[in-house]
Every structure is written in C-alpha cells, then in structure tokens.
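First, one chain by itself in structure tokens, the form predicted on its own.
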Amino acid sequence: MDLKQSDHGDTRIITVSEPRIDAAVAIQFKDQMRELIAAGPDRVILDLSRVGFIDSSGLGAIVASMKQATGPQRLELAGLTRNVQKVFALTRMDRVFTIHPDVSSITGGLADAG
C-alpha cells in the first residue's frame, strides 16, 4: 500500500497512490493510516483521487481510520472518483464524512502530495 503524506500548515494530506482499496490491502492501509494520523495535525485529508475501486473491506478500513482520529483531530476525504463516490452514497457514508471535490479546493493548490 503506497500512501504519500504532505503537510500544509495545520493540514496533513495523505494521498493513496493505489488504484484499489480492497481486502488485499485493507490491513496495510489501516496500519499505515494509524501511523500517519497519530503523528498528524488536527486536520487530515485523505486524497482518494487515484482510487478507482473500493470494496467493503476498503470502506471499513477508511471508517476505522476515521475512528483513529482522536480529540479535535478529524479525517476528511477529497477527490472521490465516480465509482468510489457511489460506494459512499450507497452506504450513506457520504453523510458521515466531510467530502471535498478535490485537494486543491481545500489548500488553494498547494497540496501536490504525489
């Protein structure tokens, strides 16, 4: 699982560089996210713009990552592709997460993490 991190002020951008988050990588994803969130600022953005497929294990791993954020820390999502957006809408997780159209809309274009 390839996750890239970049910090921009009080925001950490974590970019998923894999085309899928599924059962084959869900555990690795959760472990890496745990480390990146624990050491991060209060606002963490998960950039999913390169992810074209997510299954229930992948969705569960993202939800678990959200729960790892403690205190004032929060996990937000950005750049959901059409297929990933459908999964979030179908499961109503789009009501649980703050979802942004893309990372540049949050950071003003400073967030090329990849």
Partner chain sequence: MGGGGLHVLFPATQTSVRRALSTAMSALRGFGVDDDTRATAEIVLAEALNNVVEHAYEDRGHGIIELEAWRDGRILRFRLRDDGLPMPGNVIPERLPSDILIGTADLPEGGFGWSLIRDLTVDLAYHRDGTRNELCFGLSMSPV
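The model shown is predicted, which means the values in this text are computed figures rather than measured ones. Numbering follows the first chain given and starts at 1.
Only in words, not in the display: the form predicted together with the partner chain, which the text now covers.
S.K.: Would you check whether the partner chain, in the predicted bound form, lies within 4.5 angstroms of a non-hydrogen atom from each of D55, L59 and K67?
M.R.: Looking in the predicted bound form, the three residues D55, L59 and K67 all sit within 4.5 Å of the partner chain (heavy atoms).
S.K.: Any chance T91 has a heavy atom within 4.5 Å of the partner chain in the predicted bound form?
M.R.: Within the cut-off, so yes.
S.K.: Closest heavy atom of V63 to the partner chain in the predicted bound form, within 4.5 Å or not?
M.R.: Within the cut-off, so yes.
S.K.: With the cut-off set at 4.5 Å between non-hydrogen atoms, does I99 touch the partner chain in the predicted bound form?
M.R.: Taking the distances in the predicted bound form, the answer for I99 is no, it never comes within 4.5 Å of the partner chain.
S.K.: Heavy atom to heavy atom, is R43 within 4.5 Å of the partner chain in the predicted bound form?
M.R.: Heavy-atom contact with the partner chain at 4.5 Å: absent for R43.
S.K.: Between 19 to 40 and the partner chain in the predicted bound form, list the residues on our side with a heavy atom within 4.5 Å.
M.R.: Contacting residues: R20, D22, A23, A24, V25, K30.
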